[in-house]
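Just one chain follows, in the form predicted alone, and it is written as structure tokens.
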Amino acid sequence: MTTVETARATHEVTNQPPPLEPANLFEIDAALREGIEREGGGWGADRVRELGGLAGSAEARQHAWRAERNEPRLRTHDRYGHRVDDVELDPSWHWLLGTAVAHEVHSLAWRVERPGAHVVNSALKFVWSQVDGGVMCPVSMTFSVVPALRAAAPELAAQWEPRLTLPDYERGARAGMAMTEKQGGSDVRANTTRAEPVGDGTYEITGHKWFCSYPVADVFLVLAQAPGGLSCFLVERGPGLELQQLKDKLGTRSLPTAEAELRAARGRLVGAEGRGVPAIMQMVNHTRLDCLIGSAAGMRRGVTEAIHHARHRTAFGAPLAEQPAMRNVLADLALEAEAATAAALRVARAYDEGDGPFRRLATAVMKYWVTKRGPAHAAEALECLGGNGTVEDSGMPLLFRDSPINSTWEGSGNVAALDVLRAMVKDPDALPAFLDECRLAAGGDARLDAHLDALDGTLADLRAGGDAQFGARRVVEDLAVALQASLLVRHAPAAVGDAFCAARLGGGGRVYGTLPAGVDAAAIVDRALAS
């Protein structure tokens, strides 16, 4: 008999950061804790704290790891050749989505209609997004379809809302969306999918959808050309909705996204014929808020991982976090994450306050800006871990792959920027309301005052006949950093507000880690993640 000797390491392994988990993602985030209280959601802090503990557990991380590696598989037919159009999902996916549903991440604002409900709901999304971004797509669509049905199809809302908002994964329903077609992309008015009335109040919908989000949902909002023009329909999963293939995507790979064929699928009208875009925009406005929240959450996760690693890793004779160059990078990343968090929660409060002019503009402005800042932030956070950050087990490659997704979803950069220009024209009160919010910090920092004065000049030039579309992104950027600076000057510690204004309004560097001399980088890092 051969004796097999147990393998032994040839050396002692040292200088490795300990596991981050367990960590309560609510408790370790001062900006989130303060923001939920400030924006009127303090009554829900215990809910977010409970989910934050679960989100920061080793169990949650393991489920996310498995869901990402055991990707969805399409099953079009059963063994007898009958169409089933089903998607096999890993048990960890069901754990992730089921946990979100059980904690009302998909529905709290509709089930608990009180001031601050959207703030609390957004905070729940914020902490759970840090576990797995893919699962947040059905969470967001299920949440966002409710106001669309309430506004345009009350009878359908009465039928479906109880199931869509139920905090029971097995008995509740999930929603998806099918808007995009090959020839149009964001230009949905170029859609060719047809909807023919059949005389019983329903329509037969025939055509192809290039992206069908979460194809195992129970119901979908679908855009199709009816006799009266582009219209919105509620289509139930079932006969006539055939899945052709799953998309092989850059990020959110745990999430199934399908190419689908509609063959006389039955749908019911949401709103009036020819009013499909306004009907579905009720849903899109809320999913855009969720894109903002998701990108802010990704920044937060990146900062947490980067600071944790840098505090426990020694190089060249000192902990990384104590070395000036790294401290500048960490502080800069922390500034961006806190600014994104503050803006996301402020915009969420606008949803508690009704469909006002500030909400309309702020959603488009901040969705554009924060999602655009995400990829570079994720790349820099990954680099803080050095070579370890490129290894899948670190979680940083996943964070990096997911980071561009929110900018593309619900209208890519140009769509969002041009939507800001349209909002300024369609609602004359939108821009004044936005600027009034920014000016609440007037006198708090001279650099912000100067930025707002310069912004007034830029806007005046546009009104005088400037090429608004060519300069749209720059205008939106200036609006976004003005709101972020105003929020931080008013509500964050002085070190945070001062550094943000110095770096983002004072002609700072073009990459992260270029904060000017004189900022209190150590205080910013300590606030971002307590030792």
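Residue positions are given as counts along the sequence shown, with the first one as 1. Just so you know, these numbers come straight off a predicted model, no measurement behind them.
The same protein has a further form, the form predicted together with a small molecule, not shown here; the description that follows concerns it.
- Picking from 151-159, 177-185, 317-325, 260-268 the stretch near the small molecule in the predicted complex, with a 4.5 Å limit on heavy atoms, gives 177-185.
- Residue-level contacts in the predicted complex: of D132, E410, D419, D290, one residue has a heavy atom within 4.5 Å of the small molecule, and it is E410.
- A heavy atom within 4.5 Å of the small molecule in the predicted complex is found for exactly one of L234, I405, A364, A340: I405.
- The shortest heavy atom separation between R439 and the small molecule in the predicted complex exceeds 4.5 Å.
- Put simply, N414 is close to the small molecule in the predicted complex: some heavy atom of it is within 4.5 Å.
- The small molecule is not shown here, and in the predicted complex it never comes within 4.5 Å of any heavy atom of S254.
- Although the partner is absent here, K249 is a contact residue: one of its heavy atoms lies within 4.5 angstroms of the small molecule in the predicted complex.
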